[in-house]
Ligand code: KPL
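Just the one chain here, laid out as structure tokens, in the form predicted alone.
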Amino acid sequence: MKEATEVITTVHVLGPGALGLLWAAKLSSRQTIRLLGRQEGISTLRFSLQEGDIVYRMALPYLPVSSLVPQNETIKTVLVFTKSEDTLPALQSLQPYLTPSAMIVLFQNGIGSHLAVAEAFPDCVVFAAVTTEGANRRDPLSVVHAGRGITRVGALFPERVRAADLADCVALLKGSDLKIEPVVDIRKSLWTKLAINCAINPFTAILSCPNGEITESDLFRSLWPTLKAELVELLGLAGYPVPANELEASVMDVVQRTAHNRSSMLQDRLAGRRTEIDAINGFAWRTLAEKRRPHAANLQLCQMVKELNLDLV
């Protein structure tokens, strides 16, 4: 059987933000990459990728989504790095260009947008990727690979996907030379990451600090006991029960390992962009509220981030 890197000739990367450009750059030595975004008037996106002391100069083909022509563009494989709430509309705009069984790999935070995509594209092969790779932008054309991590990938609905499809997806992603791990139940990874994001990201945005500093704040100390209880409840509702002390240990481990990292929510705040608070703590409190479970801490954090007046419409 041929490797996926020999079979797939073009990979489209939808959403050329920091993480999207990191993956595009890392895959470009083995795949033909085409970036898809909103910016008009360019056919090539030039940017730099810094890894340690080395800076790579990149120039990748770029297509504005609004300028695609169905008969000239066919999308068989698309890696999606848009914000959670933009994911479904962005993919729906690409629907005329997707092949009937296109492979869609979702890198979003949260889980709500993943389920919406899987429902809207039942014939496509939909995978979710949960990554701890760190990437940020110093400016619009400069990406820093801020920290090495691991990317877990699996099918949202394994019954819809052949083992060969997952093998092809893993082989494709391994072409990046980043660490890839296939998992049978990616939903567990998605829910776990959601809980950890709920515990870290809003505090970094509110306090304007890197991950490692949140636990020293009065805000974290006062809210964490209640928030922890709500997140334990959330994971139980999702079917992935975890003891409170185990969840706390996982959160603190991430805080320590990423102590110098700036969360995506903090990066959005500093750049004046809309945050993903609705897909993280917002999704958590709504899910808990629907089941009449306590949700005050998640709701408070959601409101506090929105009150920063930087969640743009």
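Fair warning: this is a prediction, and the values are worked out from it, not measured in the lab. In case it trips you up, residue 1 is the first one in the sequence shown, and so on.
Keep in mind that the form predicted in complex with this ligand is missing from the display, and what follows is about it.
A residue is said to contact a partner when one of its heavy atoms sits within 4.5 Å of a partner heavy atom; Lys193 meets this definition for this ligand in the predicted bound form. Using a 4.5 Å cutoff between non-hydrogen atoms, Asn211 counts as a contact of this ligand in the predicted bound form. This ligand is not drawn, but in the predicted bound form it has a heavy atom within 4.5 Å of Thr258. Using a 4.5 angstroms limit between non-hydrogen atoms, Thr275 is distant from this ligand in the predicted bound form.
Comment: 199 to 207 is the region of 120 to 128, 199 to 207, 166 to 174, 148 to 156 lying near this ligand in the predicted bound form, near meaning a non-hydrogen atom within 4.5 Å. Proximity to this ligand in the predicted bound form, taken as a non-hydrogen atom within 4.5 angstroms, holds for one residue of Asn136, Thr77, Asn109, Thr82, which is Asn109. Of the residues given (Val254, Leu247, Ala279, Leu27), Val254 alone sits with a heavy atom within 4.5 Å of this ligand in the predicted bound form.
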